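Below, in structure tokens: the form predicted on its own, a single chain.
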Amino acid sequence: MRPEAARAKTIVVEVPDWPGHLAGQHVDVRLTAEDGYQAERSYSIASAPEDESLALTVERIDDGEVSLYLCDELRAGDELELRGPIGGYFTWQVADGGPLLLLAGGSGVVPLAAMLRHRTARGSRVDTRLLLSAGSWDDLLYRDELGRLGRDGVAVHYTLTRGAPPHWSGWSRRVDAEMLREVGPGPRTQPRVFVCGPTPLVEHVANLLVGLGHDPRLVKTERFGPTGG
């Protein structure tokens, strides 16, 4: 287990007979208490399909039944009940081609990180842009890794909505049409677009993209809300 941001940790799980997954899929994690009470939550897979181990990045929710256990109580050697991989719509493979436009809010970057890691593992140079929105600099997941992606031809952009550090050169507002035009690529190139994050952000961004002329059939969305963690 390793910290990823102020309120998130990545858990590496060894899964015997794992069938493999596609970048963008998720798993269900079920916890069972001694009295038989069960709680289950879905978590996107953070690792590339090429990785030997399965990685899940979990954001700590203060009143969350599952995330509190995974972030605060889980120890090396503990067992988890997993179901998956799940989902085939919100996935990308190098063979699908590009350009690739990835848009995320908060921990919605997790399945997109799996796509970026898959791209790197395959040595792909497909035109790829990422726009990540977060509340603050400390909330950004995978900061160091994303900072290195420029050498692999990935254009990474950030916008912070609740305050920026000194000398911040990125955006400091909600995602808007002007921001999307600047990030590109434009709709004429017919990029494959993936949007993931809280439901209000995803719906807002998807509407902006369609308004800018992007083909709705190429805009894939994955939403999550306040499930209790």
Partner chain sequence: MAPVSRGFRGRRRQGVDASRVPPGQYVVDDFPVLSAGPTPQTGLDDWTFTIGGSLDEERTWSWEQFVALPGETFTVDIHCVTKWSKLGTIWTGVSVDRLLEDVDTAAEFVSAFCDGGYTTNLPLEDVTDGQAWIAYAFDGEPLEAEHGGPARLLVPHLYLWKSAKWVRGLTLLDHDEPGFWETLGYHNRGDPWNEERYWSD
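Numbering follows the first chain given and starts at 1. On a predicted model such as this, the values are computed, not experimentally measured, just so you know.
Beyond the structure shown, there is the form predicted in complex with the partner chain, which is absent from this document and is the topic of what follows.
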- Message: Looking at 165-173, 51-59, 31-39, 179-187, which stretch has residues with any non-hydrogen atom within 4.5 Å of the partner chain in the model of the complex?
- Response: 31-39
- Task: May I ask you to state whether residue 148 is within 4.5 Å of the partner chain in the model of the complex, using heavy atom distances?
- Result: no
- Message: When the contact criterion is heavy atoms within 4.5 Å, does residue 161 count as touching the partner chain in the model of the complex?
- Response: no
- Using heavy atoms and a 4.5 Å limit, would one call residue 126 a contact residue for the partner chain in the model of the complex? no
- Query: Though only this chain appears here, would residue 121 touch the partner chain in the model of the complex if you measure heavy atom gaps against 4.5 Å?
  - Reply: no
- Message: Only counting heavy atoms and a 4.5 Å limit, does any residue of 146-183 reach the partner chain in the model of the complex, and if so which ones?
- Response: none
